[in-house]
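Heads up, the chain below is alone and in the form predicted alone; it's given as structure tokens.
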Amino acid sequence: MTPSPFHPINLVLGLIIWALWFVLLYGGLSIGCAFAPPDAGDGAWTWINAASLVVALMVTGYLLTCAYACWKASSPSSAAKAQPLNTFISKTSAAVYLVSAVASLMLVLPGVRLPPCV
């Protein structure tokens, strides 16, 4: 469900997905802590952190898939028919998707060590 690897929207789409994930993660954490807070004695392994980790892995997987698709589109075999601008867009988009994937995964790492509703 990504646009063509050569479409300029890919240059910002990874960062938009990361920003939406940021809002969803902390908004969902706030709502979860307000309506069904887990016991603080449970430590980091609570349902809120588990749900956050599962969704984080899905978002990260999607961003990595997009990064791979953009990088693959700029490979030497397909670069023969690609113009320099298309190659630039696809390689830069792959880098942005990769950085967004790493940042999306880093958002959930405090949940591995810290209780969610402290």
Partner chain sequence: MTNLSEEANCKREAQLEHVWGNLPGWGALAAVNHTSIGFRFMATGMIFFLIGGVLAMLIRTQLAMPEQEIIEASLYNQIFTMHGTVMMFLFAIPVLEGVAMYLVPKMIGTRDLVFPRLSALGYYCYLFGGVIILSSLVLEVAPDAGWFMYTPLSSNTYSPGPGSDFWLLGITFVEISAISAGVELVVSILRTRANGMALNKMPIFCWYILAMALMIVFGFPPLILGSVLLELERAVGFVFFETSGGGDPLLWQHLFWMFGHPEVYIIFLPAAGIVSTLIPVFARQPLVGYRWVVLGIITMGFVSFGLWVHHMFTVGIPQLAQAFFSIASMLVAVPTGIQIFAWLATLWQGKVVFHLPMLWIVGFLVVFVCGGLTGVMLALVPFNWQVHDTHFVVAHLHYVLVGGMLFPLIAGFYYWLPHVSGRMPSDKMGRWGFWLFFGGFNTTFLLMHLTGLLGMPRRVYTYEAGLGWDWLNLISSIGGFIMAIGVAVIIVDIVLHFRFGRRAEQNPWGADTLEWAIPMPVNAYNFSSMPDITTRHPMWENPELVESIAAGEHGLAEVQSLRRDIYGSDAVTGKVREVVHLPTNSWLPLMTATVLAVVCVSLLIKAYLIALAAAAVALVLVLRWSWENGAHPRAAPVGTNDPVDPPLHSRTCDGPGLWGMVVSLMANGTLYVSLLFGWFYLWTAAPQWSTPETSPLALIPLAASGILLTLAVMIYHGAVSRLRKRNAGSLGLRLWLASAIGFTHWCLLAWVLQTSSLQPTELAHDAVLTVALYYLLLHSGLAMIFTVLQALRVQRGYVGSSLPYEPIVIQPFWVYTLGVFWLSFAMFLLLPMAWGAP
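Because the structure is predicted, anything quoted here is derived from the model rather than measured. Residue numbers count along the first chain shown, from 1.
Another form exists, predicted in complex with the partner chain; not displayed. Remarks below refer to it.
Taking the partner from the other structure, the partner chain in the model of the complex has a heavy atom within 4.5 Å of a heavy atom of Y26. Looking at A101, you'd find every heavy atom of it more than 4.5 angstroms from the partner chain in the model of the complex. Among residues of the shown chain, T92 is one whose heavy atoms approach the partner chain to within 4.5 Å in the model of the complex.
The closest heavy atom approach of P5 to the partner chain in the model of the complex falls outside 4.5 Å. When contacts are defined as a non-hydrogen atom within 4.5 Å, all of W18, F22 and L85 contact the partner chain in the model of the complex.
Looking at 45-59, the one residue that comes within 4.5 Å of the partner chain in the model of the complex, counting any heavy atom, is N49.
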